[in-house]
Each structure stands twice: as structure tokens, then as C-alpha cells.
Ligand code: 9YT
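Just the one chain here, laid out as C-alpha cells, in the form predicted alone.
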């Protein structure tokens, strides 16, 4: 059994802050845990507006708090995000995420992240980033 506390993980190298200043993510479950997916609590800062395209991963995102929207670029659809909303990027969807109020999100990635990933120039995570070192 794996048991972790978010408050402890927030004080460790599992907390990653984006270089662009749009988000931070605490990675509670990673590839090294051998569960087949990773699980993160991610904060999207108020005013964030950025494009992503997870070419190497599928992602599910559940909104715990805050308010924003996600726009899929292939079809131009915009979906509001508020507490209780889940969106699933099941087709490696190229999308724009906007936070009107700071959003706290629970995120699941498949395949799992190693832990140190930040977005590359295309808005994706590399498939084989370096693992977090203890």
C-alpha cells in the first residue's frame, strides 16, 4: 500500500513549478510507483491562458475549485470549468486552458509521468523525462 500526504508532498521535490508561471503541480503518484498512471494535484493560477498538446499522454482533469474554461483547437469548442467538472483529453487533444479564478485540479496521466516534467515548446510532456531523485 502507498500512502502519501499532500501537505508533505508540497514540501518536497514532488512539487513542480512551471517555468512560465501558469501552474504548479504536486505529483503524488509517479511512474516509479508502478501503478500504470500518475496522479497530481495541480494549481492553475488566476489569469493563466496557455496552449497544451499532450502528444505522449492521455489526461483526465477534475476541477476541485476555481473557475475557467478549456477550448479544443481542432473543433473550436469551449467548455466552462467549475468545481465538479471533469474533462478528458482522450484523443491527445490540442487545447487552451484559461483560469478566471485560481483552479485546483486533480489530474491523472497515462502513461505515468516520472515527476520532473514541464511543458515543452509544443505544450507537451516528454515521454521519458528524468525521474524525481530522492
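Residue numbers count along the first chain shown, from 1. Just so we're clear, the structure is a prediction, and the values are computed from it rather than from any experiment.
The next section is about a form of this same protein that is not shown, the form predicted together with the ligand.
- Checking 55, 72, 42, 51 against the ligand in the predicted bound form, a heavy atom within 4.5 Å turns up for just one residue: 42.
- Among heavy atoms of residue 59, some come within 4.5 Å of the ligand in the predicted bound form.
- In the predicted bound form, the ligand sits within 4.5 Å of a heavy atom belonging to residue 107.
- Not displayed here, the ligand is kept clear of residue 28 by more than 4.5 Å at the level of heavy atoms in the predicted bound form.
- In the predicted bound form, the ligand sits within 4.5 Å of a heavy atom of residue 97.
- Using a 4.5 Å cut-off on any heavy atom, the residues of 112-127 that reach the ligand in the predicted bound form are, in sequence order, 113, 119, 125.
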